[in-house]
Structures are given as C-alpha cells and as structure tokens.
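Next up: a single chain in structure tokens, the form predicted on its own.
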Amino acid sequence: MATTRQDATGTTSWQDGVYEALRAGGVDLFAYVPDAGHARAIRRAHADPDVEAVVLTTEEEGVALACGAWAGGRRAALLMQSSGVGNCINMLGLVQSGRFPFLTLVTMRGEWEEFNPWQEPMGRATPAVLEAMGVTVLRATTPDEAVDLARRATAMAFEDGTPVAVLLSQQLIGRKVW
C-alpha cells in the first residue's frame, strides 16, 4: 500500500496517495495541461528524479504521448480537466485502433459549486464522451476512493490493457475560487 506525505500542517494528502499509487504501478511519465486540481501531482512529478513531467499545449497531445510512451516501453498518465476531454475525442480513436493501454485522471468541473457556467456542459458530458470512445470510467468522490481507484485504474490500464479514466469529483478537489 502506498504511503502518503504530510503537508506543512501535518495533514496527509489524498493527492499524494494518488501520485504514489501511480508510481507504484510503474507510471514514470506524467503528461498534463496545467490545472489547480492536479497541482500537487504535477509538483511531485517535477521533483521526482525518476519521473518525466511533460507540459502539453492541448490535451489530445497527451493521448498521443501516452500511446508513444507505451510503444517505447514506458507507462504514462494524462492529467487533465473535464473541459479537456472534449479535445481528446478524435485522438482517443488511436487508443482503440492501436489497442494501447491508456490512463487518465480527470479533475471535474461543472459540478458542485461551479462558478463558471461554461464548464457545466462538458462536465455533464465527460463520462458519456469517454465511454463512447471505449474508455472505462471510474469516479472518485472521497479521498479513500481516489487512492483506491488510482491503484485499480493503473492495474486495469497496464496489466489488463483497458483504457481507463478516473474522474476526480469537483467536491473532492474543492471549489475553485477566482
């Protein structure tokens, strides 16, 4: 079982547990579009000498990067926000056609206490869009679920070859304040 770090207040973070579950599953490449919900994992990836963290200009680049990583013998995770899922629809065809394992963690928007109404349509559509493209969807709403599902999703992707997305609910990651 992965261990978690304590932050400056002595609190253990579920985000650390998720990161460590991915690392324990062999993920050594983190592709991401900057997002506050993934900030802790992104910082950890950049600080980890055994990991490569790649900032993307758009989310669909991460799908291609993850497929290429697998072809090169590596395991990648794509970190994105639900609004980026719509950008990936066409590229997810590569995952299906090439039968690539695929793992993404998606911070949800358009849910609990969303301040930006533009986030709501894609937030509602995210699970159906991913499922329509053959991606298994798992949803975490509590810290314990997030760590457990990260562990399970990593095994599903890289041991079973199942394309999988873990949706991290907006209530779990917290209300965005601007």
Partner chain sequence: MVQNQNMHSNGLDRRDVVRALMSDRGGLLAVTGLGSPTWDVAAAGDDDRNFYLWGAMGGAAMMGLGLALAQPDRSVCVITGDGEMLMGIGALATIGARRPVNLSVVVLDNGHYGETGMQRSHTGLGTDLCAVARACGLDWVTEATDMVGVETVRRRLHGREGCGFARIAIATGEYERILPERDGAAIKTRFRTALGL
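Positions refer to the first chain, counted from 1. Every value quoted in this text rests on a predicted model; they were computed, and no experiment measured them.
Below, we turn to the form predicted together with the partner chain, even though it does not appear here.
Q: Looking at the partner chain in the predicted complex, is some heavy atom of each of 61, 65 and 71 within 4.5 Å of it?
A: Every residue of the candidate spot has a heavy atom within 4.5 Å of the partner chain in the predicted complex.
Q: Within 4.5 angstroms, counting heavy atoms, which one of the listed stretches 136-144, 50-58, 37-45, 149-157 is next to the partner chain in the predicted complex?
A: The contacting stretch here is 50-58.
Q: Classify residue 129 as contacting or not contacting the partner chain in the predicted complex by the rule of any non-hydrogen atom within 4.5 angstroms, answering yes or no.
A: Although the partner chain is absent here, residue 129 would stay clear of it in the predicted complex, with no heavy atoms inside 4.5 Å.
Q: Could you confirm whether residue 98 comes within 4.5 Å of the partner chain in the predicted complex, counting heavy atoms only?
A: Looking in the predicted complex, residue contacts with the partner chain include residue 98, since a heavy atom lies within 4.5 Å.
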